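Just one chain is shown here, as structure tokens, and it is the form predicted on its own.
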């Protein structure tokens, strides 16, 4: 891979605060290393802005290893950028071309209000998780791993659902700003494992109720959420969530 530097034009959403009027501002970088990650490129921009006495661009980041889900950016209209199953921090500048113009925006959803620039408040996800409550466990020594047999395919489905990092890309990509993929992943991985069964009915009812209270939209099965998810969470989990919710409602009414 050549180390030839790239010229990049950035159109970045700038908004001083939740109530402030936002706008796109244009920045040009003429010395971008193609081996940089997208966030490292933003670091370079911010260093330049600070040196010029300007306010740096606010954006979320933490692990920068594709695990935490903090790096939530819309890049040229796509959640986390153009690569499939890739978080923003894992996206490298070599996937863009010299002279490209890149538009960078925050997640756009009523349930994710903008805090500043590219940072949004995703605490709605935390409240949904909290509404789900606890999982009953016995304290003391760890039980023998083979005490509760779990079929291999069931365990794999549970682990696949548990990979959800709560980044919110599914919400940002959905035309309705639905959180069904996120909620279904959290419900599924506990429902599939026997340890999650005691609270399964209460869990799904409370989490769906909190999701609705937060103002997320409804699911219309376009599957854009799965396409945008950096962990490849399947929409099969949404079908599983719907079955769990119907079951819980029927049991509650009886």
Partner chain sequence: MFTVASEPLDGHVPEGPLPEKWDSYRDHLQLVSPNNKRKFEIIVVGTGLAGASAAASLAELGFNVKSFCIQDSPRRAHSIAAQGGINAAKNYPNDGDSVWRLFYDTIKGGDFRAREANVYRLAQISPKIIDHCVAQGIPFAREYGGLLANRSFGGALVSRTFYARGQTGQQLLLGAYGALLRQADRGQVRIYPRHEMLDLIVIDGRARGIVVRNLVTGAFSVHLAHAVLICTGGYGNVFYLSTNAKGCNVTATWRCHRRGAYFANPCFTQIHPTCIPRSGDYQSKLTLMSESLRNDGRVWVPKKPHDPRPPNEIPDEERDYFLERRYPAYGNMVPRDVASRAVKERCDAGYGVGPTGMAVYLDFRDAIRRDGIEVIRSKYGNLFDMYQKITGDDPYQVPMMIYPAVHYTMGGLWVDYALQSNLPGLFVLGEANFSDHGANRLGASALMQGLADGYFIAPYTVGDYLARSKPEAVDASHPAAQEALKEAQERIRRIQGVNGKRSADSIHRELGMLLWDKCGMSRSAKGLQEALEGVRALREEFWRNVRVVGLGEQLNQNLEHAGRVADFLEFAELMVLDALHRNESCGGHFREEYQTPDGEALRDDENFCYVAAWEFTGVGEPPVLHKEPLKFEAVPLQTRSYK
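Fair warning: this is a prediction, and the values are worked out from it, not measured in the lab. Positions refer to the first chain, counted from 1.
As for the form predicted together with the partner chain, it is not shown, yet the points below apply to it.
Three residues, 6, 100 and 109; all within 4.5 Å of the partner chain in the predicted bound form via heavy atoms?
Not a single residue of the candidate spot has a heavy atom within 4.5 Å of the partner chain in the predicted bound form.
So, residue 35 and the partner chain: in the predicted bound form, are they within 4.5 Å at any heavy atom pair?
Heavy-atom contact with the partner chain at 4.5 Å: present for residue 35.
Any of the heavy atoms of residue 27 lying within 4.5 Å of the partner chain in the predicted bound form?
Contact with the partner chain, no.
Taking the partner chain as it sits in the predicted bound form, is residue 231 in contact with it (heavy atom to heavy atom, 4.5 Å or less)?
Heavy-atom contact with the partner chain at 4.5 Å: present for residue 231.
Considering non-hydrogen atoms and a 4.5 Å limit, does the partner chain approach residue 175 in the predicted bound form?
Answer no; every heavy atom of residue 175 is more than 4.5 Å from the partner chain in the predicted bound form.
Select from 75-105 the residues with a non-hydrogen atom within 4.5 Å of the partner chain in the predicted bound form and write them out in sequence order.
In sequence order, 85, 86, 90, 92, 94 come within 4.5 Å of the partner.
Once you account for a change of 3 Å or more, let me know if residue 194 and residue 138 sit closer or farther in the predicted bound form, using their C-alpha atoms.
Relative to the shown form, the pair is farther apart.
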